[in-house]
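In the form predicted on its own, a lone chain appears below as structure tokens.
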Amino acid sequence: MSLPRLKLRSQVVKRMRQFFDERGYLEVQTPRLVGLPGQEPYLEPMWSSVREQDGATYKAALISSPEYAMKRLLGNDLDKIYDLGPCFRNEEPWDVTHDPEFLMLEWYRKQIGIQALMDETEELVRFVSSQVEAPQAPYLPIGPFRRLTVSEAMKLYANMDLLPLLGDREKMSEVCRLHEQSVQETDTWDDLFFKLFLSEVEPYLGWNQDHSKCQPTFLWNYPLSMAALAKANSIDERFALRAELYIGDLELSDGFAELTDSVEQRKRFQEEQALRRSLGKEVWPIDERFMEALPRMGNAAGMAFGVDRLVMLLAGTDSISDVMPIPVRKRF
């Protein structure tokens, strides 16, 4: 990494902390090594082990996110917290936007909904962008951040009406074929959705109509099956209160109005476990301490934000290796 980019990265981290400190958030440093990581079917933990002096040994994993620990803290009387530290994901592509070790900012707050969470995320990006020295940054946000529901985005970019297709694999298969997407017998409804989304929608979300200028865009109101930790939308419970932020070609953040119903959460975790088994992946027990804390969280929302990707935007580079102090392929 060049010295200017190293300094820019340092400035971004400092300004992020300043943003939350000035708003009364408490920084918490949650464990990076845990016994029970997240259940996400398409994320793989980095496993290790912990051995006590007497020889007792425990299987452990590096976290892919501090989410579980932070929600446990919310359930124990904290109300505005953030964590800024490294996270780890195994079997990720070593490409221009991914690194097996990356810097994640997560924050959680009680008595806030999904719209206010998007407001705060936009304010964070604007504040950090205005406070750092990045004169060459081509993606500095200027106008208001756009907000599109998933249904609106699918209609706008793929010219398809999502509502009649929800949960209907056969209808979704027909639409995929019309859009010249392959359909396999093993494809789930979600698989088919993402074939269309990744090819016809996501590449355009963070840009204006002619793809000449970035247009920061929140994509929100996801189908419920794509938000295992999010609260259902009370207006239409086929959708969940999840929001992601896109700027240019990058997805920067992912957040939820948090699900606090432990019965429903257990059901969703069990569905994720079943999906992992069907994919031939390892399955581990549900974290009961997390489950016990859920009902005490109350009305809350939280966002996970990729720090390295914001540095990429401000540095005007399209490779995450350019903003890492030591790129991944020079570490091993």
Partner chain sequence: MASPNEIKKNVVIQDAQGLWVVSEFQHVNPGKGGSFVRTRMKNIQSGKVLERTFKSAETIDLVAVDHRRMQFLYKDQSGYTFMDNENYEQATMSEEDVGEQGKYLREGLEVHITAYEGKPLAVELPKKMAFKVIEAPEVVAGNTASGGNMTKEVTLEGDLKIRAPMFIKAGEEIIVNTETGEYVERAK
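What you see is a predicted model; the values in this text were computed from it and never measured. Positions refer to the first chain, counted from 1.
Absent from the display: the form predicted in complex with the partner chain. The rest refers to it.
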Tell me, yes or no, whether Asn159 is in contact with the partner chain in the predicted bound form, where a contact means a heavy atom of each within 4.5 Å.
no
Applying a 4.5 Å heavy atom distance criterion, does Gly85 contact the partner chain in the predicted bound form?
no
Can any non-hydrogen atom of Arg72 be found within 4.5 angstroms of the partner chain in the predicted bound form?
no
Taking heavy atoms only, is Tyr204 within 4.5 angstroms of the partner chain in the predicted bound form?
yes
Answer among 24-32, 291-299, 39-47, 53-61 for heavy atoms within 4.5 Å of the partner chain in the predicted bound form: the stretch 39-47
Which residue, Asp168, Glu122, Asp261, Glu92, has a heavy atom that falls within 4.5 Å of the partner chain in the predicted bound form?
Glu92
By the heavy atom within 4.5 Å rule, which residue out of Thr149, Gln181, Gln131, Asn208 makes contact with the partner chain in the predicted bound form?
Gln181
Can you tell me which bits of 188-206 touch the partner chain in the predicted bound form, meaning any heavy atom within 4.5 Å?
Asp191, Phe194, Lys195, Leu198, Ser199, Glu202, Pro203, Tyr204
